[in-house]
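Next up: a single chain in structure tokens, the form predicted alone.
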Amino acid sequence: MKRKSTLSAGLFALLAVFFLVSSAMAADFPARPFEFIAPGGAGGGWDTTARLSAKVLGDTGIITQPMPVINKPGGGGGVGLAYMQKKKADPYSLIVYSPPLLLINLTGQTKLSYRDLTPLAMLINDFGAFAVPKDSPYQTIGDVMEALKKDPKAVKTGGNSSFGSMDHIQFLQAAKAAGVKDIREIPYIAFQEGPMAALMGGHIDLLSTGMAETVGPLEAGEIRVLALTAPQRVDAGVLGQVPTLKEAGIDTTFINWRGIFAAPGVGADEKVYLTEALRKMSETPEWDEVCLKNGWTKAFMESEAFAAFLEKTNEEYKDLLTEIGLFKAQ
């Protein structure tokens, strides 16, 4: 009996030391530089979000440790996702993602998914735009949808993302909501570069892209933007004159969300610390200025709510990809 009591006391003491050490480690966090992964090339949306987030976190003193951005492009974000698996439980490795994180899994490009990361926070929303050449016969997005209802091959569409990825999916979602049948028959051409030039050159009838990519050509009168995928009109210069899909009677939205993730298996204390740091950042005037300059909509969402959003959105993408024959997740 005495030996059992001694063992119990020893175990209790060991656990006490463990919790004290754990608490001390959490209190010291962060104690060394981070690495902030952008899973795409320099200058892209992921890269810009990572660099500006790191800058504001540093400039405001919310996180005082260095946060250098490292680009790991490839595989539509798959290379960065695979890299993060090597950083399991490491709270000093962060990565930024958007809808392709879900799409590359659903289309079978990788077995890894958002579940193989630790969601920290959604930061911003961006939205899609549907543009036509200035001399297009389509005056409204409704005109486009009516043409597709008569013949799903009537309107040749294109975008910068691959077949089954964001630019493609956001237009198919709009077409489905508008009542177009056989949406898998709608022609889509993926351009590695220069989709706007392809539109103005008459190689496609409609360009599905991000809002920011349309501003310059729209201001120059080279294109017309028929609709945005935002839930309400944006308050951003020339785009403020463009109706949303909902205004056009098409009851859908498409959000190009961007958020920050940590490696899988990160401790609860570090997760809370990082989520809170991002919340504080989102409330600074410096972040307000960044969002205004880039046309981003602030959309902070903490870790648990972000995880629920990802689960719901993943199911929506799955349904759409299944309908067009591109769902291949295992």
Partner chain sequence: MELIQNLLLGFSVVLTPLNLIWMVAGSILGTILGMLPGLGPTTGIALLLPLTFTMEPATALITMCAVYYGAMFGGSRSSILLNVPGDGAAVAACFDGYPMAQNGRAEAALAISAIASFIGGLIATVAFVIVAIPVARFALRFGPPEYFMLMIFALSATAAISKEALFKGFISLLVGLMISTVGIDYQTGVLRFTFGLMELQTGIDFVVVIIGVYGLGEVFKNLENIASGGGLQAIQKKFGRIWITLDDWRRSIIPILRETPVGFLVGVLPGAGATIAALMAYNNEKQLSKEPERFGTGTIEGLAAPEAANNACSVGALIPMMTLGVPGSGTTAVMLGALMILGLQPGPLLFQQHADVAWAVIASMFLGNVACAFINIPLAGLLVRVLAVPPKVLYPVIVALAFVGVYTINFSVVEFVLLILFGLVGYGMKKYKVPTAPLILAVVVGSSMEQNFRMALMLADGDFGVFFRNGICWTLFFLAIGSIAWPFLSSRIKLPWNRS
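Residue numbers count along the first chain shown, from 1. Remember, predicted model here, so these are calculated numbers, not experimental data.
Form predicted in complex with the partner chain: not shown, discussed below.
A.B. asks: If you check in the model of the complex, do V144, K150 and Q241 all have a non-hydrogen atom within 4.5 Å of the partner chain?
C.D. replies: The answer is no: none of the three residues contacts the partner (heavy atom, 4.5 Å cut-off).
A.B. asks: Between Y188, Y138, F254, Y114, only one gets a heavy atom within 4.5 angstroms of the partner chain in the model of the complex; which residue is that?
C.D. replies: The option sitting close enough to the partner is Y188.
A.B. asks: Can you pick out, from D182, D90, E247, E222, the residue that has a heavy atom within 4.5 Å of the partner chain in the model of the complex?
C.D. replies: Exactly one listed residue reaches within 4.5 Å, namely E222.
A.B. asks: Does A177 make contact with the partner chain in the model of the complex, using a 4.5 Å heavy atom cut-off?
C.D. replies: No, no contact at 4.5 Å.
A.B. asks: Does the partner chain get within 4.5 angstroms of any non-hydrogen atom of G61 in the model of the complex?
C.D. replies: Contact with the partner chain, no.
A.B. asks: Evaluate A31 for contact with the partner chain in the model of the complex, applying a 4.5 angstroms cut-off between non-hydrogen atoms, and reply yes or no.
C.D. replies: Because no heavy atom of A31 falls inside 4.5 Å of the partner chain in the model of the complex, the answer is no.
A.B. asks: Is P285 close enough to touch the partner chain in the model of the complex, meaning at least one heavy atom pair within 4.5 Å?
C.D. replies: Close contact is absent here: in the model of the complex, P285 is far from the partner chain, nothing within 4.5 Å, heavy atoms only.
A.B. asks: Pick the stretch from 259-267, 273-281, 297-305, 51-59 whose residues have a heavy atom within 4.5 Å of the partner chain in the model of the complex.
C.D. replies: Answer to the contact question: 51-59.
A.B. asks: Looking at the partner chain in the model of the complex, which residues in 197-222 have at least one heavy atom within 4.5 Å of it?
C.D. replies: Counting only heavy atoms within 4.5 Å of the partner chain in the model of the complex, the contacting residues of 197-222 are A197, M200, G201, H203, I204, A212, V215, G216, P217, E219, A220, E222.
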